[in-house]
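Below sits a lone chain in structure tokens, taken as the form predicted on its own.
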Amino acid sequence: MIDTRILEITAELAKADNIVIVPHKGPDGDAMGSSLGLLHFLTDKGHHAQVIAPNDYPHFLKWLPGSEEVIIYENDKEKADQLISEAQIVFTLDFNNLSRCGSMQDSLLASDAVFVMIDHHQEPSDYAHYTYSDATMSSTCEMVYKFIDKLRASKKITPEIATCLYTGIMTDTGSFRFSSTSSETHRVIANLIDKGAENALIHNSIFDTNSENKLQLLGTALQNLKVNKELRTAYISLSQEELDRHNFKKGDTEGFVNYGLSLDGIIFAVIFIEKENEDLVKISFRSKGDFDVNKFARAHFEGGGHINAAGGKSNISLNDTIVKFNEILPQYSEQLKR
């Protein structure tokens, strides 16, 4: 779509003064990196642009340039609604269904703005006027880089833009080790480094600023690890009590699910996290090879995502959710034993 309608988008941008950029609820590195990278690009072009996140995001991302300007919808609904109502263009980044923005959804549905979706998840909905969707891409940040390039503006990528986009690509590819990392991804990364992204500083800012509580929580998570060698599956669970005991902060469990997948012979890993204040269990799924966790999450846990990375939820207790998961698992024995 972007290739054939880029002139239309250019024309829309030329007449837009006010632009809002929206990541998904529970924004991760790719969501915030793409949003802030696009923010800097649009601001440098003279637009009045604003990132509005549905809710807060992890502390380890708040060093990103422009982070101090982000409006958190849950904390400042009146101001956010006003900005959305005044926007001529709304960019939605790293999600493809408006339900992913939580309580912001009604305000966005009421907007008369032109919507532009940039996203790399499967099965996009049709709310946007312009949809740039590519599930083969490593990350939405890589897509934002491509979007800027299609606007013939790659020379306008500043160190701030490069830093934000590098961060999102790095985090969504598991530091470039996931199968979604293509040779083109590495070329984009090389260009971002050339444009000012300090890769060592970015890695340190994301991975080497852990709190003592987070590492102790990781220890608890690993103690809770269960392995089904026959079905090549591992899962971790964390109760609300365990989160509270270690003074859990948003983002503290980021990457925990990958420890299960690091076990020799394991191709399917899951983490179940109890969220009593939301009356649900949050679930993350990861896989290797062709075991499709997107289909698994959609079929059983109201979720979705990518073939090798997806999320879901359960509205029953933590223990009952784990029982349900273990009852479902044998249905996939043929795929898991390959």
Ligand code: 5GP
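In this text, residue numbers run from 1 along the sequence as written. Not measured: the values here are computed from a predicted model.
The discussion below concerns the form predicted in complex with the named molecule, not included here.
Not displayed here, the named molecule is approached by Ala309 to within 4.5 Å at the level of heavy atoms in the predicted complex. With a 4.5 Å cutoff on heavy atoms, Lys282 counts as touching the named molecule in the predicted complex. Proximity of Pro65 to the named molecule in the predicted complex falls outside the 4.5 Å heavy atom cutoff.
Among residues of the shown chain, Pro58 is not one whose heavy atoms approach the named molecule to within 4.5 Å in the predicted complex. With the partner omitted from this view, the residue of Lys146, Lys195, Arg100, Lys214 that lies near the named molecule in the predicted complex is Arg100 [heavy atom within 4.5 Å]. Proximity to the named molecule in the predicted complex, defined as a heavy atom within 4.5 Å, singles out one entry of Glu69, Glu276, Glu302, Asp290, which is Glu302.
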